[in-house]
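Given as structure tokens, the chain that follows is alone and in the form predicted on its own.
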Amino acid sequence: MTDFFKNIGKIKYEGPNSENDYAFRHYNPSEIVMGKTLEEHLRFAVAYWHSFAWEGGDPFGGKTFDRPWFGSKMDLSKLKADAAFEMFEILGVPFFCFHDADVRPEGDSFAENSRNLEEIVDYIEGKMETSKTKLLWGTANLFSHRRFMAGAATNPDPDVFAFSAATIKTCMDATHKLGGQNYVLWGGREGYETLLNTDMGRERQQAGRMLQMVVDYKYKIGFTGSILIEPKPQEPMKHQYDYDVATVYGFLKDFGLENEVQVNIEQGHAILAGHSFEHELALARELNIFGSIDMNRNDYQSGWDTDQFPNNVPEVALAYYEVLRAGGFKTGGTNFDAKLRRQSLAAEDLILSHVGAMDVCAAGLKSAAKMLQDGKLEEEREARYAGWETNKGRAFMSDDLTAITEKVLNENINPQPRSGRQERLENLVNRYV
């Protein structure tokens, strides 16, 4: 036990009228919505990196947090794990997520990194034996250390490629040992800063081969979870090869992996790519590669990925509407890839940020469920495309240009535009949120 979260008790549901900061107003884990509990629907996870490894820096200033577990020794990594599992217990979250570099000290070699990871994984496994909190997914940090400044899988140096492949193997082994339900690949620097020194064709081939090896190793070790890619368009690189869901799907098709790999979609990354969160979720559903989400938000006055906790119920409701339309999470869940503001120094800030975010997500999901069950939005959508369900509409999809031209002439087809009724639909959505 630590005393970092001293005097903070387990967060309980008290209902929407509660004035207790340390209580849920909307997230009642056992509440049934569309046949499942909210806990089963939302599958909340705490991100180890932002909650316990981040020091509070930003592009213009360094460390502001002073956590008792900061440092490069194994005993401090174990203290960090103690604090993490205390927080999981306070929040009642069913899952957590981690990178290797979040949980272990950095060594002077790959061998030392591996020994450190194995030791701390054994320690975490012991913590999990007495905790309800399980591992949603693990991943490898292949972007922070200076060796990855030109990428990992896409690096021009084959030795960096090899070091990265070996690191992924150890992280997949760790995820498998801890019962993780997914393994995520996030190409934080898999891109380029300038085309002047970049061979894009070669780098894409390297990235594709790495992913093929990951899928092969999944089957070799009997890992039954999902392999996920997390799209991001840029930052820190000028361009990254996993730009958005559509780009990732094209990449997967190129390498014959579209039935093997899904996507973990982050709200902030969707915005950086010029999309909405719900757009990326809807497209992943249509392409049958939807897996999991990183829930956060950006500051819309800033130009970078600020990773703030979600606080906008209407935005979140539209996202969960698409999640529910996809059939909900299977192995995936709602990972809070979100961090405190660098002035939020206190232990209670770490708890309350998650409490508020969990409430926002619960309120959003319940609104989305009402919207989906009521069916009005889907009725409007179906009505808009009803012409395609007629014999004439279906025939147009099988005719050639000559046949269609003949029908347009013979039947004097002269269509007039119809209203898309956008404002009506926006008003409809606002009834639920």
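Throughout, we count residues from 1 along the sequence that is shown. In this text the structure is predicted, and so the values were computed from the model without any measurement.
There is also a form predicted together with a small molecule; it is not shown, and the following applies to it.
Indicate whether the small molecule has at least one heavy atom within 4.5 Å of a heavy atom of W49 in the predicted bound form. Yes, W49 sits close enough to the small molecule in the predicted bound form that at least one of its heavy atoms falls within 4.5 Å.
Closest heavy atom of H99 to the small molecule in the predicted bound form, within 4.5 Å or not? Yes, H99 is a contact residue.
T154: heavy atom within 4.5 Å of the small molecule in the predicted bound form? Looking in the predicted bound form, residue contacts with the small molecule do not include T154, since no heavy atom lies within 4.5 Å.
Using a 4.5 Å heavy atom cut-off, state whether W186 contacts the small molecule in the predicted bound form. Contact check for W186: yes, within 4.5 Å of the small molecule in the predicted bound form.
Pick from 325-333, 155-163, 224-232, 115-123: which stretch has non-hydrogen atoms within 4.5 Å of the small molecule in the predicted bound form? Residues of 224-232 come within 4.5 Å of the partner.
If the cut-off is 4.5 angstroms on heavy atoms, which of these, F277, Y321, W137, F290, is the one near the small molecule in the predicted bound form? Contact with the small molecule in the predicted bound form is made by W137 alone.
Would you mind picking the one in D359, D305, E86, D173 that has a heavy atom within 4.5 Å of the small molecule in the predicted bound form? Flagged contact: D305.
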